[in-house]
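Just the one chain here, the form predicted on its own, laid out as structure tokens.
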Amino acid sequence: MNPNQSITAALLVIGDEILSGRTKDVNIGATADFCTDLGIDLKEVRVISDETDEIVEALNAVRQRYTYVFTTGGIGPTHDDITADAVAKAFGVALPINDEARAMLETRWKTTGTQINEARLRMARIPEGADLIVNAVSAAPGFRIGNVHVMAGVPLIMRSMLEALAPTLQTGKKVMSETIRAAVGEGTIGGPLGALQALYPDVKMGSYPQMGTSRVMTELVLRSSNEALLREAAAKVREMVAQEHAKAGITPPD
């Protein structure tokens, strides 16, 4: 790990079922947690339809911009599982049956009594030059080519692939956070919080109104990889919040 290195990533969530609402995505949150734990800055997420050209265009855009690209979905056995085809097209390589991937699958199928057929063998098609990502759940592997990591859309399998990937990835700056609760609305603290953000550009400051409570509440979340700077900025924000409470005659929240 290089504590001074910035490592960035993008996530492409691929599948018409996500865009239609039929399937509710949970992989974005899992990937965000994974990246945060490794000090990888997840900068962008896109949800892409099952169209080859759309996937190629998005993939080529983000793989040039970020350290890593992760994709989820579209590597199963059916005709609309086209992620592998799109990735091969983006990299300009062939998409043959991979002997190692086929062996993994056949070993699994023997234990489950599953028959080999053309559709299932689609899951053994791997772009030339790619390395496999182990699937400890159902054997059908993902793959890595260049800085692109292609994973299943099924959440349990996707998380197992992330775990397999973790030792192979560079880690960057660990981001720490401080949360400060204010018993005033965003409109009250927006101006002074913006002024403090300008003073501390290396500390990200966000405000998040809390709905459904008996009183107005806003959570202020500060994030930075510089612990000393984070604590200094948090002290200033707490001071500002205390001043706003005093002006409004409000008892500070617990």
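Don't overthink the numbering: it's just position in the shown sequence, from 1. These figures come from a predicted structure and were not determined experimentally.
Another form, the form predicted together with another copy of the chain, is not on view; read the next lines as being about it.
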**Complete:** With a 4.5 Å heavy atom cut-off to another copy of the chain in the model of the complex, the contacting stretch among 162-170, 88-96, 143-151, 75-83 is 75-83
**Message:** Just to be sure I understand the contacts: of Met217, Val56, Leu229, Ile28, which is the one whose heavy atoms reach within 4.5 angstroms of another copy of the chain in the model of the complex?
**Reply:** Ile28
**Selected contact from Thr67, Thr188, Asn60, Ser225, since only one has a non-hydrogen atom within 4.5 angstroms of another copy of the chain in the model of the complex** = Thr188
**Request:** Mark Val137 yes when one of its heavy atoms lies within 4.5 Å of a heavy atom of another copy of the chain in the model of the complex, and no otherwise.
**Result:** yes
**Prompt:** Using 4.5 Å between non-hydrogen atoms, is Ile157 touching another copy of the chain in the model of the complex?
**Reply:** yes
**Asked** Is Leu38 close enough to touch another copy of the chain in the model of the complex, meaning at least one heavy atom pair within 4.5 Å?
**Response** no
**Asked** At the 4.5 Å heavy atom threshold, is Asn117 in contact with another copy of the chain in the model of the complex?
**Response** yes
**Asked** Going by heavy atoms, what in 14-35 lies within 4.5 angstroms of another copy of the chain in the model of the complex?
**Response** Asp16, Glu17, Ile18, Leu19, Ser20, Gly21, Arg22, Lys24, Ile28, Gly29, Ala32, Asp33
